[in-house]
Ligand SMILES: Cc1cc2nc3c(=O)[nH]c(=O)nc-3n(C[C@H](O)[C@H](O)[C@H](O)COP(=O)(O)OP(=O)(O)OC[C@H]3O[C@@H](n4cnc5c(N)ncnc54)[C@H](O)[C@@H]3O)c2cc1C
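Shown here is one chain on its own, the form predicted alone, set out as structure tokens.
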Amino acid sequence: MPAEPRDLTIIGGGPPGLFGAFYAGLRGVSCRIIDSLPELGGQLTALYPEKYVHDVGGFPRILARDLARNLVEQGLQFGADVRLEEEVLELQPDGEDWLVVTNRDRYPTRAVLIAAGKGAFTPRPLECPGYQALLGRGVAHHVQDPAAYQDRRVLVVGGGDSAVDWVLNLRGRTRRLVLIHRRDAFRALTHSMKLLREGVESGEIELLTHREVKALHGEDRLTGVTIFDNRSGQEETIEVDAVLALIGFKPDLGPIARWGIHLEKHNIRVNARLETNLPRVYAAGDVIAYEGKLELIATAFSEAAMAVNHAVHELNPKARYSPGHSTTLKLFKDRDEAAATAQ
């Protein structure tokens, strides 16, 4: 059976995609979300579920996984169709509409919102013997469950926000915690570096700069790592239970780059209406580029809302650009009154 058509298909189930689904429901248009990951939430759930997010309005501090859970509840309340573990391969014209072709099915849609983050993220590997053989056997490129490192000897590699943040999150859990970086300059937030220095001074964290990994050791499981000083060449072997290679990810737009969409380096170029050069194809979030772009979850929400509202007006020129404020919408008033009555 062919898939049921939708007014809007959202490619990407991260924060902008989920908020876009919410706005689609708010505007009364049918919606489908397609994501290659096994669960919704994007990077919040796939890369740093146990990290705190501090820069989303209304939440002074919230765990990434909890923010993702809230976004899923909000985004799916109007019945959006969700297709997980499907990679979008092609975007084919279908008259005035589109066919979104995945590795599993073909989905007819009137409009498309690309909210795919930076595309597929490929972890940067450690270029050393033992990395591939021990990946998943003590070597990892992200933290899924911090409890797995309880009372373990852990070596973290990296000098950016992710490496420093996870060292701070693991502080107090591990038996030994070592952070190495190939330089003495870090790319982490000033406040995080202050906390890192305090952890080093208290003895909770060992910090070694100008160090790189030469080899990882172990057969069925990681047992040790050889590091070297990139100034002197001096080597040292450390017994460890885990190595976290938090040295970044390489973004890859994958098939999106072949759809005829105008790109700016690794991003999709959009105008003030969040439109791409393709008709009824919009984009929002980290995947887009425009003058003054700021890569934050907060701005991605705004971009998704604007893209959906412009798409709704394009699909129905009689529709208003803005739905109005949620506090005054009859839809939510009726829900609030029903909830109050039930209590």
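Keep in mind that this is a model prediction, so the values were computed, not measured. Under this definition, the rigid core comprises the largest set of C-alpha atoms superposing within 1.5 Å between the forms. From 1 onward, residues are counted along the sequence shown.
Just so it is clear, the following notes concern the form predicted in complex with the ligand, a form of the same protein that is not shown.
- Checking I297, A305, V312, V281 against the ligand in the predicted bound form, a heavy atom within 4.5 Å turns up for just one residue: I297.
- Residue in contact with the ligand in the predicted bound form (any heavy atom within 4.5 Å), chosen from L76, L207, I256, A215: I256.
- With respect to the ligand in the predicted bound form, the three residues G14, I34 and A115 uniformly fall within 4.5 angstroms at the level of their nearest heavy atom.
- Figure note: of the listed segments 237 to 245, 215 to 223, 87 to 95, 143 to 151, the one touching the ligand in the predicted bound form, with heavy atoms no more than 4.5 Å away, is 87 to 95.
- Although the partner is absent here, V29 lies well away from the ligand in the predicted bound form, with no heavy atom inside 4.5 Å.
- Contact check for A289: every heavy atom lies farther than 4.5 Å from the ligand in the predicted bound form.
- The ligand in the predicted bound form is approached by L47, whose closest heavy atom lies within 4.5 angstroms of it.
- When contacts are judged by a 4.5 Å heavy atom cut-off, D55 counts as touching the ligand in the predicted bound form.
- Once the cores line up, the CA of L189 ends up 2 angstroms or more apart between this form and the one not shown.
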